[in-house]
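Take a look at this one chain, the form predicted on its own, written out in structure tokens.
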């Protein structure tokens, strides 16, 4: 984004004339915001599924896994990015490493809650039907844990949408770039519009995930919210 591109437009709150001629700017920022969020959540799922299953199968791993990612989760996002920059540089790798680190704790914890909520009599029945541990996990335990997993994905996704804006400080940020530019150049239009778009994105994605959950896990309809 070119420096000073907002300086010729000084107008309180929303300058509709300027906005109408800069729609592609917001569209590009929204697409980057969605891409950064999606990659972070998918990357978090790829890491959290084996970690969560391992922590469930071997309880001695539970506390160390939760502790490590709990520490990462407590580090302020700006500080975490600053710690990563010397090793990964300014760019997508740093942004995604930090964002994925924040999602893993949420996803692992919800996966564990889901697996631990599977009734013991269901597990015993699966064993009695001849299911081996891996088959039981895939065909019985994980499907029954899906409501908790979906809840974790929803929380992680909405949280990541908010955190992506912080990556504007390392040259990315999607809508966060517009918020940051509008703030430092005292031009309200990009700041206000990008903020509204980021909130709307979080709401739309959350509702979409609820819809997906209702289709994929129909027995969770009474508890989804």
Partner chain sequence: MSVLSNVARWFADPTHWSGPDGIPQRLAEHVQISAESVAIGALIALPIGIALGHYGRFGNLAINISNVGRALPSFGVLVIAFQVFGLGSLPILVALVALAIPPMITNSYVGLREVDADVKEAARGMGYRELARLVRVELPLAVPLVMAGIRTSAVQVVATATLAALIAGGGFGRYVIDGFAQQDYTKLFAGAVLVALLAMATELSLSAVERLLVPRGIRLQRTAGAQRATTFKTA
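Residue numbers count along the first chain shown, from 1. Since the structure is predicted, the reported quantities are computational estimates derived from the model, not experimental observations.
There is another form of this protein, the form predicted together with its partner chain, and it is not shown here; the text below is about that form.
Comment: its partner chain is not present in this chain, but in the predicted bound form one of 30, 51, 45, 179 has a heavy atom within 4.5 Å of it, namely 179. Using a 4.5 Å cut-off to its partner chain in the predicted bound form, each of 79, 86 and 169 places a heavy atom inside that distance. Though the partner is left out of this view, residue 90 does reach within 4.5 Å of its partner chain in the predicted bound form, counting heavy atoms only. Taking the partner from the other structure, its partner chain in the predicted bound form has no heavy atom within 4.5 Å of any heavy atom of residue 60. Contact check for residue 65: no non-hydrogen atom falls within 4.5 Å of its partner chain in the predicted bound form.
Contact annotation for residue 137: none of its heavy atoms lies within 4.5 Å of its partner chain in the predicted bound form.
Within 4.5 angstroms of its partner chain in the predicted bound form, the stretch 144-168 places a non-hydrogen atom from each of 154, 155, 158, 159, 162, 163, 165, 166, 168, taken in sequence order.
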